[in-house]
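Both blocks below hold the same protein chain, though in two forms, and each is given as structure tokens: structure 1 and structure 2.
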Structure 1
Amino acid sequence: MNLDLNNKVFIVTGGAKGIGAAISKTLAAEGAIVMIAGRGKADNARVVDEIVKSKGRASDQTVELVNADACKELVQFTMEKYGRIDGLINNAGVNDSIDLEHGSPEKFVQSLQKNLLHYYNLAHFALPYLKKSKGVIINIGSKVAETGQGHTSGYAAAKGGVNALTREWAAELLPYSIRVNAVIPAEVWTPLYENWINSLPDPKTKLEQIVSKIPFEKRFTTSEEIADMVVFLASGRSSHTTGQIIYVDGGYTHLDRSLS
């Protein structure tokens, strides 16, 4: 299927690791131009190099997204380099375990800054250019917004906000033909997830417990499966899809627990 993404420009936050890296590579494989944004200069450069070696097009900007001015500069840098923005993929964030009992008001606000506020800031600054391109915004959320997890109030609140903003922006931006959707992962096998598993006292048993609760095929979702949905939503092949919160999770969030 031709997704008709040739020469379209997408900003991907956190686009050099895990799900973000898969999104960046899949967009580039479809002919899009990718601006990878994240705080890890070496990681950004590595993924850009991989894309270029595969005959794709990408560049990067090292940026601390909790800074609103840095978000504005990222948008301006992209416009100066490419002259257009066709899509914003809000992906960067971290499950930082800021909980109710042992956290603090200050840490809670910091968690919102890391996981939610830059979604708004980037969308705000990119909006004039997305109006011109009739572009797309795709927000990466988390099943935690719906299921809860325990001991991660900041992250849960932020991801709940992501879902709410997805539908709010979809409604607000209807007059500009800008589509806004969210993709929700649950258990995705990434290097960060692997590091967490290996830090536990009995990684093998914990891994088996988690996998047993994933209804479809009793396996983790791959980063590439998340990326495939994101890239489809970024394309004209999903031209009448907006305001949707789409779960790519092997049925983890919504199917009856008796199935697992």
Structure 2
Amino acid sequence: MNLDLNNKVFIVTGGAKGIGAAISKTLAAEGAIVMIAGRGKADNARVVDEIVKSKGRASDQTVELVNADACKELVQFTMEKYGRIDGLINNAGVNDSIDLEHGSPEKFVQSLQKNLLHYYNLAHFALPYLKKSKGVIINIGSKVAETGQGHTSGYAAAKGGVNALTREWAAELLPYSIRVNAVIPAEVWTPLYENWINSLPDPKTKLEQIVSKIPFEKRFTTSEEIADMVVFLASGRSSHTTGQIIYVDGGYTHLDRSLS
């Protein structure tokens, strides 16, 4: 399948680790130009280097996305460098365990800043250029928005917001032929996931429990499997798909519990 992504420019937030790194590399392998936006300078440089060595095109911007001005600068930098933006992949986030009982109003707002506000800010600042390119927005959400997890109010609220904004933006941007979709992971082995599982009292047992409940093949989803869906949605081969919330999770979120 020719995805026709040659020379198209995509911003990938958190594009140097985990799911974001897989998205960056898969887009570049399809001929797209990737702007990796993350706060780890060395992490960003490593992935850019890897892409360039594989004859792909990428550059990076070291950015703390919680800062709205930095989001604006990222869009400006991308425009100055490449002159167009064909897609925004909102991916960066962190499951920061800000809960109801032990959290605080301040921590809750900070969690929304880390997980939701930069999705809006980047979409807002990139919109004039996405209108010109009839581009795409793809938001990475989480199963937590639908299932809950316990002890993560801020992250859950943010991911619920991501799903709502996906539908809302798909509706608002119909006149511009900008498609907006969300891809929802459940259990993907990444640095974020590893940190989370290691924060639990008995990580090994917890891990075995989780894996045994993933219906399809009793295994984690790979970052590359998430990336393949994102890249398809980024391409014109999904040209009539918008406002969709697509679960790439081995059936974890929705299949009958007797199957797990």
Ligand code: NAP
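Here the structure is a predicted model, which is why all the values come from computation and not from measurement. Between two forms, the rigid core is the largest collection of C-alphas that superpose within 1.5 Å. Structure 1's sequence is the ruler for residue numbers, which start at 1.
**Q** Decide which single structure shows the form predicted in complex with this ligand, answering 1 or 2.
**A** The chain shown second - structure 2 - is the form that fits the description.
**Q** Indicate whether Pro203 shows a C-alpha shift of 2 Å or more between structures 1 and 2, with the rigid core used for the fit.
**A** Yes, because once the rigid core is superposed, the C-alpha of Pro203 moves 2 Å or more between structures 1 and 2.
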